[in-house]
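Below you'll find only one chain, the form predicted alone, shown as structure tokens.
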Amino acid sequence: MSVPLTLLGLLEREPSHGYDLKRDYDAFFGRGRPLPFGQVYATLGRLARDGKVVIAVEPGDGPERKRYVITESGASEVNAWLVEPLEPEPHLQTVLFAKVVLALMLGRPAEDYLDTQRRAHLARMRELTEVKRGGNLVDALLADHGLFHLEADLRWIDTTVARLDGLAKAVAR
């Protein structure tokens, strides 16, 4: 996830204070990984330095509050990012794959590891299914995204278990 571009997109919607940006980011994009306040303000500082946002200081009874406003340059960058397709990532170098290969190379029980991983995936899938049942549309779509990736991993785990003997021979010295 590109935090700077996501914050710029939120600012294109409406000028905001840092606290409001964090709240919106966490509500829509930070499920399970809220954005730290320090990262929000450091990112906004870099965006201001780079001319992507301007800061409007609002005086008040308490400390001055900064409201961030996207510039034309920032809006152009958001537009370019939105229309550019993501690079399809086949995840050819995953931790899961590396663990299986290393387990086989080291003479350890790769099938036990894959069974443990399968259980962890199924537990996470149950959690995401509950999110879908009790959440709003945003939550449901995020849960679907995770579920589809986990389903693909489970298919890979099953295929790999069926091919472990051949893989063990292929990675043996």
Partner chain sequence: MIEARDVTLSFGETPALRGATLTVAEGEILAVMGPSGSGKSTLLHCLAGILVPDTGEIHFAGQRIDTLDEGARSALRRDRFGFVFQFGQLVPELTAVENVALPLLLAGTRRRTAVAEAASWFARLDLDGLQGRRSGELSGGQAQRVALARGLVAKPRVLFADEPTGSLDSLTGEHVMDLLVGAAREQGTTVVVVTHEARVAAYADREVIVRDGTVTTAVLA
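Positions refer to the first chain, counted from 1. Because the structure is predicted, anything quoted here is derived from the model rather than measured.
What follows is about the form predicted together with its partner chain, which we do not show.
(request) Kindly indicate whether 19, 35 and 75 are, all three, within 4.5 angstroms of its partner chain in the predicted bound form, using heavy atoms. (result) No, the whole trio is out of contact, none within 4.5 Å by any heavy atom.
(request) Pick the stretch from 22-30, 51-59, 115-123, 38-46 whose residues have a heavy atom within 4.5 Å of its partner chain in the predicted bound form. (result) The contacting stretch here is 115-123.
(message) Would you classify residue 132 as touching its partner chain in the predicted bound form, given a 4.5 Å non-hydrogen atom cut-off?
(response) Yes, residue 132 lies within 4.5 Å of its partner chain in the predicted bound form.
(request) Although its partner chain is absent from this view, report whether residue 138 comes within 4.5 Å of it in the predicted bound form, heavy atoms only. (result) No, no contact at 4.5 Å.
(message) If we define contact as a non-hydrogen atom of the residue within 4.5 angstroms of the partner, is residue 151 a contact of its partner chain in the predicted bound form?
(response) Yes, residue 151 lies within 4.5 Å of its partner chain in the predicted bound form.
(message) With the partner left out here, check for me: in the predicted bound form, does some heavy atom of residue 147 sit within 4.5 Å of its partner chain?
(response) Because a heavy atom of residue 147 falls inside 4.5 Å of its partner chain in the predicted bound form, the answer is yes.
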